[in-house]
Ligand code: GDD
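One chain is shown next in structure tokens, namely the form predicted on its own.
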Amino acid sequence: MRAVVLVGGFGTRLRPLTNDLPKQMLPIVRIPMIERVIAALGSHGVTEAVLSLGYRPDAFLDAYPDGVCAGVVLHYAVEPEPLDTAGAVGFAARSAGIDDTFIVVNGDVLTDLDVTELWNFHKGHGAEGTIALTPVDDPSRYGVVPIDDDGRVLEFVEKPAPGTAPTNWINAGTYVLEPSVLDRIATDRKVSIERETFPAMVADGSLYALHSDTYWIDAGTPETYLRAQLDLIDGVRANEQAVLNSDEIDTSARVENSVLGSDVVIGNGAVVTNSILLDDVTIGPGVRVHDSIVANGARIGPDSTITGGSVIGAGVQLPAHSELSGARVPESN
């Protein structure tokens, strides 16, 4: 069983964390996001993952030089230029010589989806393509997918205006596709799977979808990147270790509902809550960090306050008494 994993985006929503690193190489509780995605695929029988690469492909090659990730063999497909979602799928699948039913996943989605169930549903309905669906409160940011009683997709509405969506079940970014779908994807231009390929399949009656209300999160924004990790330590999804033995936390400091990377130093009287501190971060005395992310090697000067979803980039040194709320440092263009 083979899968195409879309990891070619620039990760602009997560800057400055992605200034020099693809978002799928960012850690989710100290394990790279891509590794968690591929491990989940491997648990459902995927033996080869084709990485559709664009931005910083070297980061993936350097991280997995033996071509294996989470026990799954990797095939690298580096786009010569951005080809959009369907274009990326087509390029990667052709590069790997895929000629049988295959899986496609978005590399920034973390989910407990039963891929085996999706595969079996697809085969049982004789579908050309099958989409996993997940419910959301606000579907206006996503592709909305109403279906009939048999699971056949009635239409594919990409990012409907608020209040106009026919359903709150959205495209969850995991598909099972027949190789015939590749014939629908032009090779000489950008092609959107959401705006072109799927609507054409709907018109032909060959696209199906399956509802799933299991855990699902698009970890592509600072808010959801933070939430995806807290869900792994606070029992929502798991109870993984939040703090490492290598971390140096002053006895008067307080760390609550937060994830710390390795070799983090937290000074006396500091308070860290609902936040992510990556490797080698230093939090000075008297600092308050809440609902924020501090990247590798950053230094937060004494008596500073970092709140409101702030994102502090790698290596940043903030002076004492800094006060930031909802800030991104350094600012992105």
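One rule holds for the numbers: they count along the sequence shown, beginning at 1. A quick note: this is a predicted structure, and the numbers were derived from the prediction, not measured.
Separately, the form predicted in complex with the named molecule exists; it is not shown, and the next lines address it.
Asker: Just one stretch in 118-126, 176-184, 207-215, 82-90 has heavy atoms within 4.5 Å of the named molecule in the model of the complex, so which one is it?
Answerer: Within 4.5 Å of the partner lies stretch 82-90.
Asker: Quick one: R36, A39 and F102 and the named molecule in the model of the complex, is every residue within 4.5 Å by at least one heavy atom?
Answerer: Looking in the model of the complex, the three residues R36, A39 and F102 all stay beyond 4.5 Å of the named molecule (heavy atoms).
Asker: Here the chain is shown alone; which of L26, L53, V46, A298 has a heavy atom within 4.5 Å of the named molecule in the model of the complex?
Answerer: By the 4.5 Å criterion, the partner-contacting residue is L53.
Asker: Looking at R237, K159, H75, R227, which is the one with a non-hydrogen atom within 4.5 Å of the named molecule in the model of the complex?
Answerer: Selected residue: K159.
Asker: Considering non-hydrogen atoms and a 4.5 Å limit, does the named molecule approach E194 in the model of the complex?
Answerer: Yes, E194 sits close enough to the named molecule in the model of the complex that at least one of its heavy atoms falls within 4.5 Å.
Asker: Taking the named molecule as it sits in the model of the complex, is S258 near enough to touch it, meaning that at least one heavy atom pair lies within 4.5 angstroms?
Answerer: No, S258 is distant from the partner.
Asker: Does V7 reach the named molecule in the model of the complex, with heavy atoms at most 4.5 Å apart?
Answerer: Yes, contact at 4.5 Å.
Asker: If you check in the model of the complex, is R15 within 4.5 Å of the named molecule, heavy atoms only?
Answerer: No.
Asker: Within 4.5 Å of the named molecule in the model of the complex, counting any non-hydrogen atom, which residues from 97-122 show up?
Answerer: The stretch 97-122, when checked against the named molecule in the model of the complex, contributes N106, G107, D108, V109 at the 4.5 Å heavy-atom cut-off.
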